[in-house]
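The chain below stands alone and is given as structure tokens, in the form predicted alone.
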């Protein structure tokens, strides 16, 4: 597979075209950012960890019947994926109160949410990824009602699979975001990534934070926490 031109450069990944118009390459960089790119650092080994972690999680989801864009691992930091037309709406599930939910609603961090909450956010850095609802998404043409319904169903299926996976490894899946796209046949497919960059994970007993909040909050040990999560799950680093 021949890597060609840079198609898109995000906060922590670069997407490249290939000689196959239906395949792209995701390159996981060591860049780590928070607060819409206001805080940025390079963390050694992070790109490698996230690439391997993401492939491990996506394989688990594929086995559970969730279609993903993953094709094959190319190197320690690169993965070949199917090209999708990405839907600019992030799906967020929260099993425990944390982050923006705590700030918005004034609830206690760590409160278990029953049922788990589901939220939509517009993927737009310039607008700081504002919260939206289904009618916004349909009215502005970001997604159809049918696509949103499928995305919600798939997001909760992912939650069911991963809550157990992390629980068995002694961790709480606090919350996470997912992004979906449409493949060449019009199917809704899970895209982007699932890594400690885009979810919150706490130790089940101590509630020690094992995700990017360590970077956001200046707690240190970011890469070490990511490695601990991977090791608990049995990800080969």
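Remember, it's a predicted structure, so these values are computed and weren't measured experimentally. Residue numbers count along the first chain shown, from 1.
There is also a form predicted in complex with guanosine-5'-monophosphate; it is not shown, and the following applies to it.
Looking at 70-78, 144-152, 110-118, 93-101, the stretch with residues near guanosine-5'-monophosphate in the predicted bound form, meaning non-hydrogen atoms within 4.5 angstroms, turns out to be 93-101. Proximity of residue 209 to guanosine-5'-monophosphate in the predicted bound form falls outside the 4.5 Å heavy atom cutoff.
Residue contact check for residue 176: one or more of its heavy atoms lie within 4.5 Å of guanosine-5'-monophosphate in the predicted bound form. When contacts are judged by a 4.5 Å heavy atom cut-off, residue 199 counts as touching guanosine-5'-monophosphate in the predicted bound form. With a 4.5 Å cutoff on heavy atoms, residue 23 does not count as touching guanosine-5'-monophosphate in the predicted bound form; it lies far away.
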